[in-house]
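Below sits a lone chain in structure tokens, taken as the form predicted on its own.
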Amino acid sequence: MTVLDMDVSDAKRMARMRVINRIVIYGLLGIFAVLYLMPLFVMLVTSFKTMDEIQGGNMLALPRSPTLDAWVKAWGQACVGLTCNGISGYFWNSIKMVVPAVAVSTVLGALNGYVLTKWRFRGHTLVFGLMLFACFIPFQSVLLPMATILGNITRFGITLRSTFGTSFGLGDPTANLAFVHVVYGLGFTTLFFRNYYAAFPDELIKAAQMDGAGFFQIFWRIMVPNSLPIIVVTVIYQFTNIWNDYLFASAYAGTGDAMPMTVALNNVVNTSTGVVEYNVNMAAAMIAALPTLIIYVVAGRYFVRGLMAGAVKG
């Protein structure tokens, strides 16, 4: 056998090995994907079935007569505690809480990262270290201190209402919950933006200063327009954490009409009166999951890009 024949044989063997490796890898990925998506599939198909079909059929089977009745009932008629007005009101409670919390924490995190990298001051490393330490504080350890702070804010709101006729939102459960998530998420958003801005050219900032640009002009006209990937990462991270939060939601807004979606969903699933309507429960869970799913679908392509940009710099 010539050297050329040996090279051709080795090349064919390596090609076969690459094909086998690719089949094994994609096969395992396919199996893991099926296992991972199985609960979502069960939830989705169950939400389109009738109770008779659920009780007498296979949970993995497709619905024989798909219906949206469970979705309609979950949205406007499901019992949440003692009321049976559906989860629609609580869904909008979460929207009203999540949107400002995400927006404020993102803007403040961007400002903090901007200051800590481009307008350094004496002790900036210590400040960043303390904010980084805040990322590792467990939820449970801040429940009582935060309750005390919210109590003081509520009392101040009552004073404002008695004096000016309005509390300016102070003491409102939705506003309180948004404030809690802004405070708790600020360490993470600062970390994201600080690491991202650490790689931003200092020469560009100095050039803008020489042209007469001030602190906020540089921030809004130079930093923010070049921060889309890390903004998307921060929005996705904060939105997911805040929307799916149950501990803070149940502790600070877990009763009455102001409760957010997660607490309402728990009350729907745990309602003990009558027959357990699995299709309604699954439809309510799917409605609760839709906003985060939409966020990932719309902005997911920026997520890994921005996360890596903020993870390997600084």
Partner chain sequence: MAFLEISDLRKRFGSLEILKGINLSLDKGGFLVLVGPSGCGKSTLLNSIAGLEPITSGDIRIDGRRVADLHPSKRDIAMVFQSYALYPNMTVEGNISFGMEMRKIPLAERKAAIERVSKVLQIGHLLDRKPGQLSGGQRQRVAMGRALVRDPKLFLFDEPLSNLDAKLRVDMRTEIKRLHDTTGTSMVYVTHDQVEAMTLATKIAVMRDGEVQQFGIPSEIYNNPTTIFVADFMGSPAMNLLPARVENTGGSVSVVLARADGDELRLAVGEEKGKLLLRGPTPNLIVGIRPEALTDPAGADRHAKNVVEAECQIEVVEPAGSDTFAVTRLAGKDVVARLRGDALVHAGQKTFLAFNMDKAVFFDPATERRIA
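Numbering follows the first chain given and starts at 1. Remember, predicted model here, so these are calculated numbers, not experimental data.
Below: the form predicted together with the partner chain, not depicted.
Chemist: Just to confirm the contact call: exactly one of 135 to 143, 201 to 209, 234 to 242, 96 to 104 touches the partner chain in the predicted complex at a 4.5 Å heavy atom cutoff, so which is it?
Modeler: Within 4.5 Å of the partner lies stretch 201 to 209.
Chemist: Using a 4.5 Å heavy atom cut-off, which residue among Asn152, Gln217, Asn85, Thr159 comes into contact with the partner chain in the predicted complex?
Modeler: Looking at Asn152, Gln217, Asn85, Thr159 one by one, just Gln217 meets the 4.5 Å heavy-atom criterion.
Chemist: Within 4.5 Å of the partner chain in the predicted complex, heavy atoms considered, which of Leu186, Cys79, Leu170, Ile222?
Modeler: Only one listed residue qualifies here, and that residue is Ile222.
Chemist: Quick one: is Leu130 in contact with the partner chain in the predicted complex, heavy atoms, 4.5 Å cut-off?
Modeler: Taking the distances in the predicted complex, the answer for Leu130 is no, it never comes within 4.5 Å of the partner chain.
Chemist: Answer for Leu228 alone: is it within 4.5 Å of the partner chain in the predicted complex, judged on heavy atom distances?
Modeler: It does not: once the partner chain is placed as it appears in the predicted complex, Leu228 has no heavy atom within 4.5 Å of it.
Chemist: Using heavy atoms and a 4.5 Å limit, would one call Ala213 a contact residue for the partner chain in the predicted complex?
Modeler: Ala213: yes, in contact with the partner chain in the predicted complex.
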